[in-house]
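Starting off, we have a lone chain in the form predicted on its own, written out as structure tokens.
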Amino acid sequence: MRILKFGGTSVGSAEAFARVAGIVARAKEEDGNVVVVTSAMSGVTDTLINAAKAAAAGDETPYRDARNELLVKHQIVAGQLIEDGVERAALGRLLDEKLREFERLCQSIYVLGELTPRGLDVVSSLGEQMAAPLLAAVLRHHGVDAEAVDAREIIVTDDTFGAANPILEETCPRVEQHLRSLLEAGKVPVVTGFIAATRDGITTTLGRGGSDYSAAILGACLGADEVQIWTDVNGILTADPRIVPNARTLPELSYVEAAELAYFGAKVLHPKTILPAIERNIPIRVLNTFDPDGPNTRIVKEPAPVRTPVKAITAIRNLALITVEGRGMMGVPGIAARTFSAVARTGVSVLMISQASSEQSICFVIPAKDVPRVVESLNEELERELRRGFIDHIWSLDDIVIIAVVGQAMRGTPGIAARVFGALGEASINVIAIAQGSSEVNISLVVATTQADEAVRRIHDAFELHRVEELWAPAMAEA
């Protein structure tokens, strides 16, 4: 059994829908049991969210315009790919119903002048609710017996709106019962990605890019042989090809390596996608909808050994480095604990931590947009130490980037850090802060935004990652 997830660009136009239909038909012929998970059409979720936010700010025009724009966007696909007039009319009625619901929601938001996280989940879920029935109809037109499935009927989560957590012990029985019966009937379920519901049936979402996570959850529950993530790039590359023109597709990665890359900015996978796959040891494959036979990346527990300790370099942007500094901090217990408790109260995630061995400073990286409230919380928490001079000041350095150098074989390989920092030193790139996890799968370093692209290129060249074919092929053969 295969789970095939298609991202927004994969269902972004009539031509893209037709390509997806061909891919699904081939998978069905090869495997027999296929489950499809679809995102909203490209740009739809952003349009829904922006219109709802505008309504909360007192502007009705965006949601009224969005209703018509989204109706036309979906109708163009139906008009070009679905010949059956009865089916096209039924689909038209469903699309109209969903967009009327969207308009009613935005009217309520406009009147209240408030958009709650719960309300935002309901609005942003509508894109998938339109895409799944549309894709199912297109598949039927291409000879694939498909049926749309609303994930809110089968995936149960907590009520953390905007980033809900699945409750697998309740989800899996529903998935097994609902989807298994469709599969046994020879049908291809087309499931809405990204969305789910609480035990009480309240709509939730799994976070932006959460359709990947949806696919992994279904794969784990059904014991799939493989989860395939279909996107618009040829797998996971050694670096962002917009920065490094000679970046290459990685043939294989471990779960740990893929998780590190996803966490540190590689946008091909949702960071939580790996978790259900690890539990059931299910391979994940990342492929290109627009080049289905091209290079792709397979993610497994134990990849074949390769002749390079570093596999990829990635970066997270729009960050700031917060520093808590003071000579009086030395030997004072509890400063670090109170620092991060203050940050935790703001609900902001810390992406990287570095502390001087002298204990005179603690620095950590957070999203730039969160700096004001984090600094305010720190000033309140450490007010006494600031007043007594134990802490000199709390300050932020903006316009920074975390660069992550990732590779499972880095563990126990001497000289990795020397090669990284040697490459940066030759280019006169200043490293602001450094961190390495105890797993030794990742070295993270902070540089100024203006130097980030050159830093990525220099590290990529230092480990000759453009030679992927040579570095992988001999080791794969030996394995």
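The structure displayed is predicted, hence computed values, not measured ones. In case it trips you up, residue 1 is the first one in the sequence shown, and so on.
Not on display, but discussed next: the form predicted together with a small molecule.
- Of the candidates 166, 210, 407, 219, 210 is the one whose heavy atoms come within 4.5 Å of the small molecule in the predicted bound form; the others do not.
- Note on contacts: among 45, 442, 33, 451, the single residue with a heavy atom within 4.5 Å of the small molecule in the predicted bound form is 45.
- Within 4.5 Å of the small molecule in the predicted bound form, a heavy atom is found for none of 121, 161 and 203.
- The stretch from 35 to 43, 428 to 436, 51 to 59, 412 to 420 that comes within 4.5 Å of the small molecule in the predicted bound form, counting heavy atoms only, is 35 to 43.
- Proximity of residue 194 to the small molecule in the predicted bound form falls within the 4.5 Å heavy atom cutoff.
- In the predicted bound form, none of the heavy atoms of residue 257 sits within 4.5 Å of a heavy atom of the small molecule.
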